[in-house]
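Here we start with a single chain on its own, the form predicted alone, put down as structure tokens.
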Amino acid sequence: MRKKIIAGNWKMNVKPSETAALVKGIAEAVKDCPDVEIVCCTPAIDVPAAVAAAAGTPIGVGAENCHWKESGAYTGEISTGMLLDAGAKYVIIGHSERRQYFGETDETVNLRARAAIAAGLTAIVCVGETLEERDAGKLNEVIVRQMEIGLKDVSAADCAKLVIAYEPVWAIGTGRTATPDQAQEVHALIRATLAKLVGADTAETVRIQYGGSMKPGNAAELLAKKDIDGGLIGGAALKAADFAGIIAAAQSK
């Protein structure tokens, strides 16, 4: 049985001076959720403070991006080695906002994901369609393309350090949410595509998160679906009580 994983994506929020209070607030609220893997993915500048605050708690810390090179003339980027040295264990790769605003492509997602996994980080690789793509009937085409290119040369063994996050772009920060049945349909497609890439047995072990406006009020219904193994949480991850509510819903499944 796949262990549920709830990861917060803080995006460009929370100053280093505010980080400890949020992490400790979450830790206090989730003491009784041993069956859920809990992650806070923070801005890179917050990682050391988050790691320090999470020490002795069930919370793992991750970053929101990494480069595929270990060092070099890549101004503004951060390497996997830097993240590991700071204490991070996870990294989000290919979030829709990275694709939309910063030129991320399926090919660069692949480079970053492979570098993260090779370094020993757990890569949370994001896929998802825009509203225009969904309305045009291109949902399957987009998801399969993102998976095939983004996970090129990722082996079955590598999948031990892989989490997929399905984020319908039209449901991120909009208050709109895919229905549980809509989400399950795409999660099943993702798992079937994984099976073609790395084998059916391995595909059954990979956690697939839902990443489109999951909240305490809808988390239980989403997490009850067969192929929904957790959530990549945006706004609700910035409030300890809301994030804890989602984790509690995952613990009950």
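The first residue of the shown sequence is 1; numbering continues from there. Quick caveat, the model's predicted, so the values are computed rather than measured.
The form predicted in complex with a small molecule exists for this protein as well; it is not shown, and the discussion that follows is about that form.
Student: Look at the candidate spot formed by 128, 146 and 191 and say whether the small molecule comes within 4.5 Å of a heavy atom in all three of them in the predicted bound form.
Tutor: Result no, not one residue of the spot touches the small molecule.
Student: Please pick, from 158, 133, 97, 106, the one residue with any non-hydrogen atom lying within 4.5 angstroms of the small molecule in the predicted bound form.
Tutor: Among 158, 133, 97, 106, a heavy atom within 4.5 Å of the small molecule in the predicted bound form occurs only for 97.
Student: I need to confirm a contact call. Of 184, 213, 202, 65, which residue comes within 4.5 Å of the small molecule in the predicted bound form, counting heavy atoms only?
Tutor: If I apply the 4.5 Å criterion carefully, the residue I get is 213.
Student: Given a 4.5 Å cut-off on heavy atoms, tell me which of 67 to 75, 169 to 177, 146 to 154, 133 to 141 is the interface stretch with the small molecule in the predicted bound form.
Tutor: Residues of 169 to 177 come within 4.5 Å of the partner.
Student: Taking the shortest heavy atom distance, is residue 19 within 4.5 Å of the small molecule in the predicted bound form?
Tutor: No.
Student: Using heavy atoms and a 4.5 Å limit, would one call residue 232 a contact residue for the small molecule in the predicted bound form?
Tutor: Yes, residue 232 is a contact residue.
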